[in-house]
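Here you get one chain, nothing else, as structure tokens; it is the form predicted on its own.
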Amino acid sequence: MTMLDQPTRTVPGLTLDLTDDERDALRELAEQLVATPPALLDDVGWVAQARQASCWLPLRLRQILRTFRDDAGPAGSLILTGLPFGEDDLPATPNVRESVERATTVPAVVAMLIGLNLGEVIAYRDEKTGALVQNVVPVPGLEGTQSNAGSVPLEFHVENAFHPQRPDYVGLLCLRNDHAKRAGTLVTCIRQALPLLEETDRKVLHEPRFITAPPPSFHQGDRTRPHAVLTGSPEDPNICLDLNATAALDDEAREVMARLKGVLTDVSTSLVLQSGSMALIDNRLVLHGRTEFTPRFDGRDRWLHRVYVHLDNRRSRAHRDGSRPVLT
């Protein structure tokens, strides 16, 4: 078996391949929710029903999600394979700006169920019109952009690093990979990079000597106040960095950030997701990016569903309208 035959490359992280019985049970659950009125992913009432239904995910899937939530491990990621759909089940890959999912489909419902079992699925009003399930697809004219609509290499970044309520987790569900089946989601974890950093560099990274601008997908948003790249425990810190949008405020910090980029690149891994696989990334520990691929805009291009997950909806209450999961 070649690497291209496998759902992902082997990585030192958590993995689960669903059995046929688990796949059938998950598909049955997803199909029930596809038919549940009003069959709209962003409807608060539908989300409440999906949240309850997430308790009926196959046992091993619930167990590994709970394990991942407790500790994301050295790689900070969880790879799920054998999810209940394949390329033959899919319509053409969208290729328009701001592409999102509103109506219930089996893949979109699977993404919601997994996200809701892990925590609370959220979105941002100024990104992709606040949709809970967003499409990551190449768009004509945007191939060269540092965005989810591009197809050039995407720099390592923490998702929405500029936002004070950035996601705790990012879920990337692969509906189809690129034509060559080689496009990868690059991931790199601070837990693997930290031992390779000098103590003096770690100290600088813990100081508020960096600022970060919003990504191209946000229509509004100010750059951050000066912030540290590493926060929390010196032995096991969180990281907040977007190599395309974070700038150092002085020469020393700029040199340290360049060395950090080199180390993060050295320990990075490419997750070559294929149809029916999903990567869950701890957004507090892991930066992710994208390898280059060539879109054809023929309806068979790379297509991912993206969901954001918060562990605690209460902490973002001031940023949300009532019980709605969309943040300002």
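The structure presented is a predicted model; accordingly, all values stated were derived computationally and were not measured. All residue numbers are counted from 1 along the displayed sequence.
The discussion below concerns the form predicted in complex with a small molecule, not included here.
Of the residues given (212, 185, 188, 104), 185 alone sits with a heavy atom within 4.5 Å of the small molecule in the predicted bound form. Checking 120, 126, 159, 143 against the small molecule in the predicted bound form, a heavy atom within 4.5 Å turns up for just one residue: 159. By the criterion of a heavy atom within 4.5 Å, residue 93 is excluded from the residues contacting the small molecule in the predicted bound form. A residue is said to contact a partner when one of its heavy atoms sits within 4.5 Å of a partner heavy atom; residue 304 meets this definition for the small molecule in the predicted bound form.
Residue contact check for residue 243: none of its heavy atoms lie within 4.5 Å of the small molecule in the predicted bound form.
Using a 4.5 angstroms threshold between heavy atoms, residue 248 stays clear of the small molecule in the predicted bound form. Taken together, the three residues 65, 77 and 114 lack any non-hydrogen atom within 4.5 angstroms of the small molecule in the predicted bound form. Residues with any non-hydrogen atom within 4.5 angstroms of the small molecule in the predicted bound form fall in just one of 26-34, 284-292, 256-264, 45-53: 284-292.
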